[in-house]
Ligand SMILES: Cc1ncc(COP(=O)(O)O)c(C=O)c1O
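Only one chain is given next, in structure tokens, and it is the form predicted alone.
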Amino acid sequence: MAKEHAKFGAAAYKKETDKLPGVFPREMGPKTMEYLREIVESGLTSNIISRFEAELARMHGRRFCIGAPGCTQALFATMLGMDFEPGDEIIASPIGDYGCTAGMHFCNYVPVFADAEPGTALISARTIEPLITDRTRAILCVHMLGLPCDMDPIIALARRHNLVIIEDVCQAILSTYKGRLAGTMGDVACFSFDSEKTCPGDVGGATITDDEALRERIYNRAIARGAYMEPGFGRVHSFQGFATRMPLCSAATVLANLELLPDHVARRRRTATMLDDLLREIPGIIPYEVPADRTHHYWMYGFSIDPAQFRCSADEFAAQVDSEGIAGAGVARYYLLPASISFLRENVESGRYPFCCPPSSRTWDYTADSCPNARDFLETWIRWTWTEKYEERHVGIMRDIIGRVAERNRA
């Protein structure tokens, strides 16, 4: 029996209901058609990609930006730019998307999953430090759901061990940590502009950095496919590169939608924090905690349930919330990367390169139990994708739905 393929973009989302607006269709920036028309009328000679790159770099106070077709490709390009050896380790967040680590797999680096802090989807210096070895080369901090990690202790830890810090800002653009924008605190940061993200293109991604040497390596290996021009000969591929060039139309739609981004993020925060306050009044419902030194982007909204207070599982609770009108509400165990990337376990069990020893320094455990805090968080966490379309009346509807489901299932 054939398995169902994973879906992405609009195909993965339920349509709006009679109670609440859906994520799609997306509002597009006022200059979208102007930019797309420019591409056509220029005969595909528009410099729209470099303009998008310049604008994203400017917004974040960074010197360089390299566009990509999507977030997975941006992270892959970043990994291509690293001069690590096969079997070298990158400590990563255990809760995320496959795209967070895909580039590591293709570059033969070994992902090492630090546990999350209890009750959160975020790693910390405390959970990272015990995993650092003489093979550790970088830390990948995923600002999951839209909330930045506690970065200052992570930065201090990385500097003591001479480690590269990579920020995954795919869900957290314009979120802040102690007044600093997500993506401006590490050595390099990657973004997503896929169609469901807060700033959507048809697809899209990007990498930003201040490191000129890193920018040169990423550009050569991921844009120029590892090739330099040799006079009298042409392209010579001195590195096993791969093309991750951003399409013109993606750059156009993202550049246009950057104009809407600050307002959309502000609207998301306003309505999501309203729901946070309302849900705190319902016994057994635990809104996601936002520390005072950070701002949450709310790409995804979620709350936990106290299983001792309900007669149903989180799965059943979520299904009832979905059926009553919050389309797409559900649990998300697949975000637990040590469990969802099943080929990692297969590679370890078979001793497949680079998980054989050497070059790997040890036999790794890729199971849900390897990150118990992250596992337990996802067991009782219910989420759906937030949207800037929500208004105060929609927040009231959501509170009523969750309240009814809670009382119906009260232990």
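Keep in mind that this is a model prediction, so the values were computed, not measured. Numbering starts at 1 and follows the sequence shown.
Form predicted together with the ligand: not shown, discussed below.
Undergrad: Honest question, do Thr78, Ala189 and Leu214 all end up within 4.5 Å of the ligand in the predicted complex by heavy atom distance?
TA: Per the other structure, none of Thr78, Ala189 and Leu214 touch the ligand.
Undergrad: I need the one stretch from 49 to 57, 365 to 373, 23 to 31, 66 to 74 whose residues put non-hydrogen atoms within 4.5 angstroms of the ligand in the predicted complex.
TA: After filtering at 4.5 Å, what remains is 66 to 74.
Undergrad: Though the ligand is not shown, can you say which of Glu89, Asp97, Asp115, Asp150 has a heavy atom within 4.5 Å of it in the predicted complex?
TA: Contact check passes for Asp97.
Undergrad: Please identify the residue among Ala252, Cys199, Cys170, Ala329 with any heavy atom within 4.5 Å of the ligand in the predicted complex.
TA: The residue from Ala252, Cys199, Cys170, Ala329 that makes the contact is Cys170.
Undergrad: How about Gly204: is it within 4.5 Å of the ligand in the predicted complex, going by heavy atoms?
TA: Result yes; Gly204 sits at the interface with the ligand in the predicted complex.
Undergrad: Please check if Val142 has a heavy atom lying within 4.5 Å of any heavy atom of the ligand in the predicted complex.
TA: Yes, Val142 sits close enough to the ligand in the predicted complex that at least one of its heavy atoms falls within 4.5 Å.
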